[in-house]
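Let's start with one chain on its own, the form predicted alone, as structure tokens.
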């Protein structure tokens, strides 16, 4: 048994991209944990690929599945030793969880107020592919924007906001204007009520289906956009394209998240190509920046049936990298309507 054989078998069984190192990354994760959701997180291999690989390893006696866990067998351990594959080791900074920023820069009053507000938020629903991040993640996003000069005096568009980034930005009092766009009436009502209750005059909220072109008044009106797009390629393109259309021009910036769970390195490359062709440059990528709260519809995810072990997560497993881009050479992007389901592709796992 060789790593090359396993990679070739995956290529035969799947219609999605399989990176040459996906087998190695999976074995590293298996050497460090027997809990399926920790293996998903640590491997950074798309779930469609990972689950097929685990099935393949089980067929060849390299892993055992029992009592809700999945573990390397003696044969599997030997394969790792022969290929000098060490267990996964995290070297992230414990103070900031590897995010590179300290949320205390926002001040204790903003942190405490935001946590109080977020405790009342609507639950995530599958219809809109929702899944919100931890409070610390949202606050770290705003801290990162502060650090990069994208908060003070800026006009900010938040494209889809179940993470309540618009509220956290507005609470700091630093942006000139924050506009949240979302399709979910529950979120529209909640953000609007927070605006009134806290007197956040710099915050407004608009209901909008992103499959439709942006309202004319939003085009070219903002300095910064923030979005957490769905991860089908077309869905990603819709969210980020709308974000770019919001920007005033050269020097403006945008933020979004991107996972390994639902996006292969090939999709990352296609996304980066789209960004470059749109006149943008990637200035920052902070791996595993965004930590998501476990949502209530996990057994209804399309990837639930792929899993070799049907157990619920015991901690945070769904994480994404934070991207920051700047628009260097603005080009006119098409103001078109996108029909149909924009949430799914072959790699989608949580829809």
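Positions refer to the first chain, counted from 1. If you're wondering where the values come from, they're calculated on a predicted model, not measured in any experiment.
The discussion below concerns the form predicted together with a further copy of the same chain, not included here.
Inset, instruction - Quick one: from 119, 89, 201, 109, grab the residue that has a heavy atom within 4.5 Å of a further copy of the same chain in the predicted complex. - result: Residue within 4.5 Å of the partner: 89.
Legend entry - Listed residue that, although a further copy of the same chain is not shown, lies within 4.5 Å of it in the predicted complex (heavy atoms), from 244, 210, 79, 265: That would be 265.
Legend entry - a further copy of the same chain in the predicted complex: contacted by all of 153, 273 and 283, heavy atom 4.5 Å: Yes, all three are in contact.
Inset, instruction - Name the stretch: of 109-117, 214-222, 156-164, 81-89, exactly one has residues whose heavy atoms fall within 4.5 Å of a further copy of the same chain in the predicted complex. - result: Going by heavy atoms within 4.5 Å, the stretch is 81-89.
Inset, instruction - Considering only heavy atoms, tell me if residue 279 and a further copy of the same chain come within 4.5 Å of each other in the predicted complex. - result: Yes, residue 279 lies within 4.5 Å of a further copy of the same chain in the predicted complex.
Legend entry - is_contact(residue 253, a further copy of the same chain) in the predicted complex, heavy atom dist at most 4.5 Å: Answer yes; at least one heavy atom of residue 253 falls within 4.5 Å of a further copy of the same chain in the predicted complex.
Legend entry - Non-hydrogen atom contact residue 72 with a further copy of the same chain in the predicted complex at 4.5 angstroms: No, residue 72 stays farther than 4.5 Å from a further copy of the same chain in the predicted complex.
Legend entry - Partner contact for residue 147 in the predicted complex: a further copy of the same chain, 4.5 angstroms, heavy atom: Answer yes; at least one heavy atom of residue 147 falls within 4.5 Å of a further copy of the same chain in the predicted complex.
Inset, instruction - Any residue of 1-17 with a heavy atom within 4.5 Å of a further copy of the same chain in the predicted complex counts; write them all down in order. - result: Read in sequence order, the lone residue that approaches a further copy of the same chain (within 4.5 Å, in the predicted complex) is 17.
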